[in-house]
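Next up: a single chain in structure tokens, the form predicted on its own.
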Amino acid sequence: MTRASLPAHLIRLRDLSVQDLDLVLERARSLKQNPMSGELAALTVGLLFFRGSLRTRISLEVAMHQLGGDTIELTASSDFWDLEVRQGAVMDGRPPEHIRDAAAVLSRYVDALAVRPSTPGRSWELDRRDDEIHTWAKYATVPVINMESALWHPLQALADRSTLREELGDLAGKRLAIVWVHSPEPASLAVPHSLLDIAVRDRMDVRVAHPPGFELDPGVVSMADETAKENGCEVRYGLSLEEAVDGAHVVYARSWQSLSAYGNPTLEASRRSRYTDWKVDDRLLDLSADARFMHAMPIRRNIEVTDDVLDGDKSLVYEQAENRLHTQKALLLHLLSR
């Protein structure tokens, strides 16, 4: 496999060119058939979690094991202390160490760092800057992989692209519905942002359904619209569930936060409670073009999506989850093979 324009870090999927993405997915398809490889023997990836994880943690650990390497997992709540992120900070507060020092030291122990940073949740203008993951990348001397920041989830998007291509082949001209669904505890916007970005890069027509007040980040929307214009595809926002799903080839459900109520959980919960009927069921899918159903998980059954849809023959959620393993193995090889 040849490697072109190899990025130093993977903060968002745009750090990989379309050519590199194709190479990674080609390798992932091969690894899906022949999973074991010793190409990363004696290499170690440090996994740093400042928030919880299930699929990301396990899939990366298994990926390195199957490639002959190792992982070291550290969880902030139990394994180490708070880290300062502010540049030029006078460190007289709680954190005893700066990320720049932790990044420099850990780079001398491991061959790559995968980080799931914290998201304070008080100000979207601050959180959307993704200062923590960018600081790790600035001061690490090994590749840094973003395991989901406030703005981006490149590992999920990589698996989603693989799943979409397995099911639909060439994605140009295919229609993707990204639909907001109700959940008592919504997820971040990183998944819909990353999905929208990769979809327009692959020339898909995208329909985004969400209630008022649950718009996506304006900067991400602007970038997606510009890419869609360049690629001759179309994105529409603020649709009803029925409008978005009509004619769709894939329906991708996700609950996400209200940016206009960000940092105000009482207001956000009140606003969210008005839309408890926003879920995916058989009636909704019947409006589509025989659409497949996708979701990044975890899923609240019969709140976000009914059992009939989730367990039906159009559901791809387990294939998505499995493809996290294969695509991440291919990515690790792309970043670390010598």
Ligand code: CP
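Given the structure is predicted, the values throughout are model-derived calculations rather than measurements. Numbering starts at 1 and runs along the sequence shown.
FYI, the form predicted together with ligand CP isn't displayed, but the following is about it.
Asks: Counting heavy atoms only and using a 4.5 Å cut-off, do Arg55, Arg116 and His153 all touch ligand CP in the model of the complex?
Replies: Looking in the model of the complex, the three residues Arg55, Arg116 and His153 all sit within 4.5 Å of ligand CP (heavy atoms).
Asks: Select, from the options 221 to 229, 130 to 138, 237 to 245, 153 to 161, the stretch whose residues sit within 4.5 angstroms of ligand CP in the model of the complex by heavy atom distance.
Replies: Flagged stretch: 153 to 161.
Asks: Counting non-hydrogen atoms within 4.5 angstroms of ligand CP in the model of the complex, say which of Leu287, Val62, Ala269, Met297 makes the cut.
Replies: Here the answer is residue option Met297.
Asks: Even though ligand CP is not shown here, does Arg324 get within 4.5 Å of it in the model of the complex, heavy atoms only?
Replies: Output for Arg324 is yes: heavy atoms within 4.5 Å of ligand CP.
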